[in-house]
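Next up is one chain by itself, shown in structure tokens, the form predicted on its own.
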């Protein structure tokens, strides 16, 4: 691990339980995420990319096993460290936004309660006033109108796109070093997707944090990421600077993903985004 590597995945192999046996889902995966870098992880459903994202959070479950390798965050081996150490990292230094952000919001809690609970758990040094100020500020940062009023509302009182932004606010509230985004724009139309990408670019500029951006869409990846890694059947088959991977893919699978991309007039799309 170099001084600038925040995350290092080293020859990681993982399996899921399949009946009486085990089914490989990751095979000898290695990658790094540098401090301040956005790494895009692309691949079709079932390629293993969401499993890899979950393992970067140090998540364990009975139906999944690590067969070989390591995941290190800031030099800490997430599968050798005490569980309370890893749990303290999640939410505080590692933020996570799932594909369906709305589903991650507790429906019976107001947005203010969700943010205050998170901040009090991971940032106990903050005063009640500071918690309130930070909660309003992070909602404003992700583009939620009238943050004081939003804090008093329940998740169902927001649109799907706003719920995704609130999930992003929760991931950012404790000022993490790494943000893990698992297909945060999947299922959104082109205008909402472009607005979310513009927001993520602005957050990246302001906060200088590292991001793992998981997607099946190489066109989306190209707009945000510094480097790209492509997964196929549990393996990393191509990695490099994002423009090189997108414009000059070397692996047959990457070329297949590029060929499947829908096309839209860039100028027309830009006009629609600007009108939002």
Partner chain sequence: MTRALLRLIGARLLLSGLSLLAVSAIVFAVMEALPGDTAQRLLGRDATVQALAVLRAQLHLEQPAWARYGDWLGGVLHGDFGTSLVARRPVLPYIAGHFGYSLLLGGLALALHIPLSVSLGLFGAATRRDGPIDAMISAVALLGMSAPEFVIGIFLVSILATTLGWFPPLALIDQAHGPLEVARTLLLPVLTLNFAMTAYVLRQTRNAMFDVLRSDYVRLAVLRGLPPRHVLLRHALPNALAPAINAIALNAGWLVGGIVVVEVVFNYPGLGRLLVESISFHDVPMVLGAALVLSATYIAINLAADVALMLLTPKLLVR
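It should be emphasised that the depicted structure is a prediction, and the values quoted were computed from it without experimental measurement. Numbering follows the first chain given and starts at 1.
Keep in mind the form predicted in complex with its partner chain is missing from the figure; the text below concerns it.
Contact with its partner chain in the predicted bound form, judged by any heavy atom within 4.5 Å, is made by just one of 133, 149, 103, 80: 103. For the options 126, 109, 190, 197, the one in contact with its partner chain in the predicted bound form, meaning a heavy atom within 4.5 Å, is 109.
Taking the partner from the other structure, its partner chain in the predicted bound form has no heavy atom within 4.5 Å of any heavy atom of residue 142. Of the heavy atoms in residue 157, some are within 4.5 Å of its partner chain in the predicted bound form.
Taking non-hydrogen atoms only, residue 96 approaches its partner chain to within 4.5 angstroms in the predicted bound form. Although the partner is absent here, residue 118 sits close enough that one of its heavy atoms falls within 4.5 Å of its partner chain in the predicted bound form. Here the chain stands by itself, but in the predicted bound form one stretch of 203-211, 35-43, 239-247, 49-57, 49-57, has heavy atoms within 4.5 Å of its partner chain.
The three marked residues, 91, 114 and 122, each reach its partner chain in the predicted bound form, with a heavy atom inside 4.5 Å.
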